[in-house]
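Coming up is one lone chain in structure tokens, specifically the form predicted on its own.
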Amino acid sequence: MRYDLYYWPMIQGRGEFIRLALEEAGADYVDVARQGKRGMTAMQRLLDGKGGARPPFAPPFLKAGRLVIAQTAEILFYLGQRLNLAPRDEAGRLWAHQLQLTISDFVVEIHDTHHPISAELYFEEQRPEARRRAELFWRHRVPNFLGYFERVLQGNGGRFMVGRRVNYVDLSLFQTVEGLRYAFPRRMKRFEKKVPSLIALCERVAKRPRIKAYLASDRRIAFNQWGIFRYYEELDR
């Protein structure tokens, strides 16, 4: 099956978690909105409800045959079994989905370090609040979330988050760690020694042949100041 991925063409954002799964599986997919004005028009048409009675709220969403599936974790739950990136048993698939939902919670908190009041305001309009939010984020939330994933990984033998082979949760944690390295290079460098198994997992993911090729290709959008992960020097101290 060919998959059509709909997401903003200029940022990694939440769409990147899905791109990584499609790339690792060698799936046949099109990043629709990156095809220019025609692609953006097609995406807006579905958002406007002109593609059926179940319009998505926002990108990312995936078109698979007649299905249109939105929400990052939901898309990965759907793709996981079909791309051989999730356990085959129901309990394992639900466990992977639970971990992905926890990653989604963490991603929201990461975004809110630079936009703690509202995404409708520029960073410069909420600087004092962002500095305070980032400080508390690194004092409490990063240890809680990454510490949790470290414990889960070690409890599963240290190689993979779920089961005995690579899965979409591993890929999503790779993206999360890479994003934190971009947004908070100093803080993340200091923290990485506390989660050695997680860092080792991410390094293994980066070396997987299809992921390595993807990261070196022009299909991989570079981190920038418009996505979830943004670098502001004053927040990284």
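These numbers were taken from a predicted model, which means no experiment stands behind them. For every residue, the number given is its place in the sequence shown, counted from 1.
Omitted here: the form predicted together with a further copy of the same chain. The next part is about that form.
Residue contact check for residue 116: one or more of its heavy atoms lie within 4.5 Å of a further copy of the same chain in the predicted bound form. In the predicted bound form, residue 82 approaches a further copy of the same chain with a heavy atom inside 4.5 Å.
Among heavy atoms of residue 95, some come within 4.5 Å of a further copy of the same chain in the predicted bound form. In the predicted bound form, none of the heavy atoms of residue 150 sits within 4.5 Å of a heavy atom of a further copy of the same chain. Listed residues 212, 45, 54, 194 were compared with a further copy of the same chain in the predicted bound form; 54 is the one with a heavy atom within 4.5 Å. For the three residues 1, 11 and 23, a heavy atom within 4.5 Å of a further copy of the same chain turns up in the predicted bound form in no case. Partner contact region in the predicted bound form: 62 to 70, out of 200 to 208, 175 to 183, 29 to 37, 62 to 70, criterion any non-hydrogen atom within 4.5 Å of a further copy of the same chain.
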